[in-house]
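Just the one chain here, laid out as structure tokens, in the form predicted alone.
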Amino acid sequence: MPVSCDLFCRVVDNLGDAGVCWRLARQLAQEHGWRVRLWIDDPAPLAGLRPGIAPAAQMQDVDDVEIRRWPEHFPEVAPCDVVIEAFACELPPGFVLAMARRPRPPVWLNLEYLSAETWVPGCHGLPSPHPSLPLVKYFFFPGFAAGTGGLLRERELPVPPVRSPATELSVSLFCYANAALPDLLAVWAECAEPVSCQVADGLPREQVQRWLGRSFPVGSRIDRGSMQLVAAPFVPQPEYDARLAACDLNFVRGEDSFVRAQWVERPFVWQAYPQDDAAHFVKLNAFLAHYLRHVGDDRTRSAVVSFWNAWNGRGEIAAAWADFRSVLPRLTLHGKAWAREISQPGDLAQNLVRFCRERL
């Protein structure tokens, strides 16, 4: 019998959590033959990521995944063989009791946020017994190194196309609200090299529109000095992945686009999810230490660290751009080796399936 799975997701930042959970649910169903029931409190973001999903539907089947709206008053349902609690979203209490009543309790995983911090391998897979019920929850950490759960990566991931030399720098822009963006746009507008920037819909387009001081509707193109800005439409996940592969440099955010930018083997800049206590800088620099440790020259490492930190709010972005731009060819070469390295722990879905089967 195929393994059945309940995957719970609460939408926090509109796209990131939903994007990760949808990729995982679809991969478990289509590549591993699991019967997946995705519980999500707001299905609306899924409709943009995968056209054909009805945002108002209480229940629907798409791509072999049963999508269920997670209501405030949770129904009485029999838990599946595996229960995945994405990003500590807290399961309904009644559902947890139902898990404990099963003759054989389900394998219960807390799918954690992605981090390159050195403590992650030591915590991956650790059990956490429930204080009062005969249940054990396991911490499942995505990661970049051996001893982690790896990264989401489809079995038939397209091979990134070879980029032909171009007369302009092609950029994709996807970010949270970012105080460094106006200064970076000004630099691009004034530099000698032509820059073509595809601006993602939502917050990035709204910020660029304010900087322009004029309307910037989806589909429009506006020239400012050496820079052309394109208001790109929101596209489904496969088309977004193709957009990343077609650009010379990708600005990404959160977790889902961050991982996809690494698989396309192009230079990228990550905006970590901002936290009030600046804890995101710990994650940012932990990743940079891992990403750059096999980059031989100090100049490249310094340029990347300075620019990424400035993009995340520490440093002057305008001053950091020239050095960062000069090392993009080196980072392009590094991208292929880096993708090979982070594929070594195996893909997250495959590792999760193996982990669960050993405990079923």
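Quick note: we count residues from 1 along the sequence shown, nothing fancier. Quantities reported herein were computed from a predicted structural model and do not represent experimental measurements.
The next section is about a form of this same protein that is not shown, the form predicted together with a small molecule.
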Closest heavy atom of Y273 to the small molecule in the model of the complex, within 4.5 Å or not? yes
So in the model of the complex, does S257 come within 4.5 Å of the small molecule, heavy atom to heavy atom? yes
Can you tell me if R253 lies within 4.5 angstroms of the small molecule in the model of the complex, counting non-hydrogen atoms only? yes
Does L111 reach the small molecule in the model of the complex if we count a contact as any heavy atom within 4.5 Å? no
The unique member of Q237, N285, S226, N178 whose heavy atoms fall within 4.5 Å of the small molecule in the model of the complex: Q237
Of K137, R153, H290, R243, the one that lies within 4.5 Å of the small molecule in the model of the complex (heavy atoms): R243
Which among 182-190, 228-236, 75-83, 212-220 is in contact with the small molecule in the model of the complex, heavy atoms within 4.5 angstroms? 228-236
All of H124, F141 and A339 with a heavy atom within 4.5 Å of the small molecule in the model of the complex: no
